[in-house]
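First, one chain by itself in structure tokens, the form predicted on its own.
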Amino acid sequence: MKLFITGGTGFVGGSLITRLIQDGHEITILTRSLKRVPPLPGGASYLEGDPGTEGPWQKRVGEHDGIINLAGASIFRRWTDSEKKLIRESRILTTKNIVKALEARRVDETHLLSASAIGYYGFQEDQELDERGPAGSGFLADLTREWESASLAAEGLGVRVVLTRFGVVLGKGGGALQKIIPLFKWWLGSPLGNGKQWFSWVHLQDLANIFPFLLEHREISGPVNCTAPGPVRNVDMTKTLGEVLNKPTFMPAVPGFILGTVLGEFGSMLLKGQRVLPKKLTDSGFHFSFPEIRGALEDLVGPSR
């Protein structure tokens, strides 16, 4: 397939592109600048353009069989009003521009796999949530509903739309682990708040494998939870990571008010969580290489890594 990818130079995009090229797909990666981009293997090329702004790049979108939209500013920051605006616009404007470009698509069958987030569900304590779960409330839930609505507009153009709701992505060289591991190496790893909040995660390798699976299984559409089938509580994740790193977690839990003071609304989010299950993937036969947290962490940061 010919695939058009936004956000392809990011943490998730790099692993995904490698996986897609292995399958023989032809990849076009949209990038804001060609000046500082890593070299690409055969089968992939760059196209310069800003996905958050309409431009000539949109004329190329309709030439592709599939569009994978990964663009969006990181939420791992203090949520000031200006940062919230950046987080929102980097997702909504990009998605709307892609859908507008698809109005002139030139292939018979088009697939839009658009990144989303389990933040859609809000924070519902111990309730198990699959794709049928209700929308929550709050900044992330409201943002995700709007983001998904922008993607689903493509269905009116005859495009198949899949909403890939990411959990916390665990991988080497980026993402959550890059921020957490230094604390453990200084013996400062500890649970957050009471530690009972659920942590729904996915190994980067599994996430990269989910996309070709979805491209192949064209009967799947709508929301798809991209999370491992074994979510854990924050306290158990912290304990397991400490054991894998051989850095026991003896520090007291980080009080919730400190997180709120230092990180504001984003800090408060870390004290909550979702118990999310990937029902559509498992029902469709997707095999997770890393269904449990210990195996995932041993693969990523164990002694032999």
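It should be emphasised that the depicted structure is a prediction, and the values quoted were computed from it without experimental measurement. One-based numbering along the sequence shown.
Just so you know, the form predicted in complex with a small molecule exists too; it's not on screen, but the next bit is about it.
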item	value
The unique member of Leu215, Ala153, Val232, Val168 whose heavy atoms fall within 4.5 Å of the small molecule in the predicted complex	Val168
Partner-contacting position among Leu129, Ala117, Ile98, Leu112 - heavy atom within 4.5 Å of the small molecule in the predicted complex	Ala117
Segment assignment from 90 to 98, 130 to 138, 154 to 162, 104 to 112: heavy atom within 4.5 Å of the small molecule in the predicted complex	90 to 98
is_contact(Gly72, the small molecule) in the predicted complex, heavy atom dist at most 4.5 Å	yes
Non-hydrogen atom contact Trp147 with the small molecule in the predicted complex at 4.5 angstroms	yes
Residue contact check: Gly10 to the small molecule in the predicted complex, 4.5 Å heavy atom	yes
Non-hydrogen atom contact Arg32 with the small molecule in the predicted complex at 4.5 angstroms	yes
